[in-house]
Structure formats: C-alpha cells, structure tokens
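In the form predicted on its own, a lone chain appears below as structure tokens.
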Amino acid sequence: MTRHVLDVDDLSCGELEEVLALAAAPAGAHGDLLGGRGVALVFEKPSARTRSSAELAVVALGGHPVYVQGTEVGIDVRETAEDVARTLACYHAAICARVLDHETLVRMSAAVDAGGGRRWPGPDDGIGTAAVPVVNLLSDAAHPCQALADLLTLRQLLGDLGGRTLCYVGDANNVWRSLAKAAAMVGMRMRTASPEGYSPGPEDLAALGRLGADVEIGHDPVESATGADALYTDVWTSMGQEEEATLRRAAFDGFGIDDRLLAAAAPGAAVLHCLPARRGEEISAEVLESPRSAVWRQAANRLHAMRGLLGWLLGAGGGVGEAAS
C-alpha cells in the first residue's frame, strides 16, 4: 500500500523515528534509491527553503526533480486536482505539492490511490504507475516537512527530547499544528502562547489529545516561556493573509521573542524560526542573530529531513519500492 504524508501524524511514532534516522544519516547512505526517476514538485505558492531542499533531496537520492509552477497546471482551473495527480503519477516516483488548500492534497492522494498501482503501457511496458506517494510541502492546514526539520534540529541541540519543553509563541497556524503533533509524538511538552482569537481550536486540541500530547495553552508569552528548553515562533502574517497585517500586528504586540522572553527560558535555551522572519515583529534582530539562534541550522535541516522522508517513502517504509521502479 502506497503511503502519503499530508501531515506528520500520517506516520506512526515508530515510523517517525525511522524517518528521522534516515534524515540524520550521511547523504550517501541512501544510495541511488531513485535511479534517475523523476519527482514532481508542484508549487501553487512560492518558496525558497522548500524548493531548494526538495530539489536537492531528490538529487541526493539519484532522482530528477521537476519543478511545476501552479500556473502551469492550473489546479481546478485548467484541470482538476485529480487529473493533475493522475497525469504526474504516470511520470514520477512521487508527487510533492505546496498548495493553497489542504483539501487539494487529500483529493490528489485519493486519485492516485484509485489508480490501484496499475502501470500504463509504454515502450518497455513499465513506465509510470498510479500508486505513488503524495507529500505535503505546505498547505493552509499543515507543514509536516518543516516539523521533521524542527525535530532533527532539536535533537541535535538537546539530545533525547522526551520530557523537554518547547514553547511556541504566536499564531496557532499550519506550522504550529504540525510542530505540536511532532512534539507529542516524541514525548515533548508543548506550551503555546497566543493572543485571544489566535489560539488552537477544539479540533486541534482533540487531535493532540489522541496523540497523548502534554500541551498547555496560554496568553502570556513570558509565563509560557519560563523554563522552556526551546522557543519557537513564526511570522504573525502568513502568505495570503496580507490584508490582515495591520490587525495582526496590533493583536500580536508583545508576542515577539526578544531578550525578555529569552531570559525567562531555561539557561541555554535554543531559538527556532521556520523563516522568513520579520525582525522587530515576531523576533528581535538581536535574538535572531544571537548564539542562541538555531534558525540557520534549522533551515539547513530542511534538506536532510526531506531526504529522510523521501528515502523512507520510496524505500520499504513507503510501500512502493520496486512497484514504482
């Protein structure tokens, strides 16, 4: 059965450990897994880190990345999400997509599943297959590849994460959602400080409850940061929310990671940010550039995390292996 990763909890806790182990392994340890096959990278939304990390991860596995702009396929304008997925599955070993609407990924994965792994006729009667993994490179609901890089970074800095405390300050958005799930899956405590109206919703808390999460939700960033082993933040206004920028800037005033918040955290606490950063808003320039900042290590780990995830999906873990060759 082909596996898809639309959020981090599409993996079991054991599978998450396998992915992280592959991510931490030297690049050459994966071998020529893709053997020249293509991986489709569909981007409805632009990105610097996601595109670079995904393309180079595919190359590291011996494959050929094919970058596809949203306007080139026109999902649900030029053709349906299902038709895009079925077509790309004829050519590629995996489909990775950065989309506006999470439901697009759900529909794409369902469409390739419906193909039942059939091979389409070709010169060698073995080109393409409908059964290929679909990977979420970012949606409005989740950002699992970022969460994998975050865990990899935190382990490099803190070692065993069980019982450690991670404090997230800001909007309970797609980045927060995947990060909170990932933290729960490795036994971290998760504290979240958000302004009123921007906290996790009931569905988020229910999902975390099913994972056995140790989570605290508050509205005082200093209180949430007190004694934390790591602090994490994201922009106050994400891509597509530009019309809310003024309102959000006012609502999030006082929710930036600065010297005051860092002083409340545990000695030596690390600071993470998924980037891009707006210095002076969600994080001060001094903290972002300080020795406590792990932001650039975190960005570098996007490549290793992506390589680990694709290596797992396209090897034994993803259930495709020989079927997609």
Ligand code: NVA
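On a predicted model such as this, the values are computed, not experimentally measured, just so you know. A residue's number is simply how far along the shown sequence it sits, counting from 1.
Form predicted together with the ligand: not shown, discussed below.
> May I ask you to choose, among Ala193, Ala182, Val235, Val135, the residue with a heavy atom within 4.5 Å of the ligand in the predicted bound form?
Spelling it out, the residue with a heavy atom inside the cut-off is Val235.
> Heavy atom within 4.5 Å of the ligand in the predicted bound form: which of Val175, Ile75, Val112, Val169?
Contact residue from the list: Val175.
> Answer yes if any heavy atom of Gly280 is within 4.5 Å of a heavy atom of the ligand in the predicted bound form; otherwise answer no.
Gly280: no, not in contact with the ligand in the predicted bound form.
> Would Leu275 count as a contact of the ligand in the predicted bound form, using a 4.5 angstroms cut-off between non-hydrogen atoms?
Because a heavy atom of Leu275 falls inside 4.5 Å of the ligand in the predicted bound form, the answer is yes.
> Closest heavy atom of His143 to the ligand in the predicted bound form, within 4.5 Å or not?
Yes, His143 sits close enough to the ligand in the predicted bound form that at least one of its heavy atoms falls within 4.5 Å.
> Just one of 79-87, 244-252, 135-143, 158-166 has residues with a heavy atom within 4.5 Å of the ligand in the predicted bound form, so point it out.
Contact-bearing stretch, as computed: 135-143.
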